[in-house]
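So this first bit is one chain, no partners, the form predicted alone, shown in structure tokens.
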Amino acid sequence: MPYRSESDSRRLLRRLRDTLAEAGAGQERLDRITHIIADSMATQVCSIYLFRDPDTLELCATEGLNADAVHKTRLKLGEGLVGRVARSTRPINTANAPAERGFRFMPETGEEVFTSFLGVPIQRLGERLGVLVVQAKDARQYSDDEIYGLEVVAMVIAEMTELGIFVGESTSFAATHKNPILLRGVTAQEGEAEGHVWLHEPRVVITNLVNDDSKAELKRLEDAVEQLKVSIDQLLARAGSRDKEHQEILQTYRMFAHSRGWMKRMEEDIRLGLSAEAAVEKEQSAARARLETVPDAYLRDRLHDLDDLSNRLLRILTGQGSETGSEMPDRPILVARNIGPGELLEYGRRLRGVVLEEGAVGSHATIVARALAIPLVINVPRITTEALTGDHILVDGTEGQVHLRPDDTVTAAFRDKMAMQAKAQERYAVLRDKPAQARCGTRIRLKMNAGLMADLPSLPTSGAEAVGLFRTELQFLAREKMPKRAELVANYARVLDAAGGKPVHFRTLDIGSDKVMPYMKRPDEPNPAMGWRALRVGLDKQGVLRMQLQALIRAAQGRPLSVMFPLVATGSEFTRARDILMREVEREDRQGHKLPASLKVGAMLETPSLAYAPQAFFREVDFISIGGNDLKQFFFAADRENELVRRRYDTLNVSFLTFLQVVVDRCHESETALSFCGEDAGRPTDALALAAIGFPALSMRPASIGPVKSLIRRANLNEVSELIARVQARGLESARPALLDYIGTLVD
């Protein structure tokens, strides 16, 4: 059997390397591999099973089993011992295979005479590629050294598959990173984009898998790890004590870098014949595989840390740093595991879209992507390991789909869809200077949401009448330290200048929950979305709120100013916040600063409780803006970050519309200005219903204004209101089907 010594293992790996360097089709190469492994290990059978599709394994080559079974024998993931190895990504080693749980006898292979079985996964960075199997007639248990040695061989086969060594006529030979693939994620920002992948942290490509000198490779690894330790210590020194969370991550990195167990496993891989890079990646793949099976969130985070640390080490060994020297491709679409707001802002409007392996609907990256008006799809599995810089990619932000290396048919259909949308935008452009006035004569004010200076050029071209929401937190989130008041004054003044006299409603700092400033200590909360956030932080930490209010007052420079406070839950919270603002106005007046020509103070209604505040609140507040995203979350008790529940609940649910009608009626009674702000306001069908139940203003992303205006101008809001009333009277759950039927009758 194999690996009687380290030299046996190195000899086998070199034989594999040399034979794969020879010319030949995919099948020839696989056949040679199984022959070499069986010969080197002195075993009767060696077989390679590769995935034909995500759920099906196919026997692609064998030495010792019936050759006629190749490309005919298939197993489902989890079926038989081979399927169990593939599903668990762990070896199965048994001296009596037929007695094992889940054993499946495959008579066409002629394997009934072989009793012992050892199967190891062929995997790369968490991606399951297949299973490598050896079998023998004698009943025997393979040693730990033999298992370990076969895992090393499987790692080399995985890398060869990655590099397309086995490309051939069978679909099982498809090279990783060459086939078209459809990946599904979660829509975080709607829109479509075609372009080329730009990896935020380019994946390291390894080409030298087998070493010729183990001592030299061990020295290379030792030197690289020492360099890694120094770099982590330097990062820790720079982090200081200002960023506890960042420091904790670096301390974990430091612990792993000094881990003797991690180093020992890599050294053993090298002694068995792998190069230093291949040894690092073998252990990285093992960590990725464990990630899928670990239920504990803390342990998963630690394995993520080890994964990231391995990438750092690979960059040192290969010289493939984050800056690879490659130029950003034409029409770049950013692909990353995750990304912070500052890094995304640095890319700016050069990007056509963003695809993230992780992320959240309300994350910093989502906020910035919305501000940049580029499609964003998050929670896309395997995207960072599947994609290479320069790959052709189609991002369907509306459907939450990513087409990587699409074929011509998919590309043509996608381009047709984009062309139709472009034509629609041309039609909407004609409406730019026309009011959103329904056929019944009711006029709806359409406003735009913004958060960056880069948004403001869209104000005149979108047809928006005002900025209904300007998110002020992005300037805080994208920095490593608190901005100075003078910087805030200059920024807010530029916003008002760019608005050209149109109203801008500044929302004060909305932080907490998933929006945490890097320099702010994050409290440990079991449910951050319902915890210490938004105005609650401002009222408790009044220094930051007061500084921001001072900056807004000075930035107005005698112009009208509108300020609204986020997540107001009770009337008394608004009163406290408004009193702080008025005290700052008095203070600025005493200091001789020019005051705003007029001051309007509003509240964002994002909790059901505020809808039932005393009428005195509705008389005191100048305007109310419904924050639809949070309000719907709290109304339905459905976390908008949780894909299991967030899509279950509809804005056009009759219960929700009935609740919104309460707010409309109370604002009408007190003559309080009212608007609806959020994603739902930008969806034409939803916007039509909101207008029909009495919302006089809607605020949305600039690209949505044209479609919403077009539909409102074709509709009669009295008819829509009567339709919703009939749906309510009939006891139906949602008004959406009836509304869609109504829209189908409208004439363009």
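This is a predicted model, so every value here is computed, not measured. Sequential numbering from 1, following the sequence displayed. We call the rigid core the largest set of C-alpha positions that still match within 1.5 Å between the two forms.
Only in words, not in the display: the form predicted in complex with a small molecule, which the text now covers.
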Would you mind picking out the stretch of 404 to 412, 331 to 339, 599 to 607, 82 to 90 that comes within 4.5 angstroms of the small molecule in the model of the complex, counting non-hydrogen atoms?
-> 599 to 607
The listed residue (217, 455, 630, 396) that reaches within 4.5 Å of the small molecule in the model of the complex by any heavy atom is 630
Answer option from 111, 386, 510, 269, heavy atom within 4.5 Å of the small molecule in the model of the complex | 510
May I ask you to check whether residue 193 falls inside a 4.5 Å heavy atom distance of the small molecule in the model of the complex?
-> no
Any of the heavy atoms of residue 149 lying within 4.5 Å of the small molecule in the model of the complex?
-> no
Flag residue 471 as yes or no: does it have a non-hydrogen atom within 4.5 angstroms of any non-hydrogen atom of the small molecule in the model of the complex?
-> yes
How about residue 352: is it within 4.5 Å of the small molecule in the model of the complex, going by heavy atoms?
-> no
Compare the position of the CA of residue 262 between the shown form and the other one after a rigid core fit and state whether the shift reaches 2 Å.
-> no
Could you check whether the CA atom of residue 656 moves 2 Å or more between the shown form and the other one, using the rigid core for the fit?
-> yes
Per-residue C-alpha change between the shown form and the other one, residue 634, threshold 2 Å, rigid core fit = yes
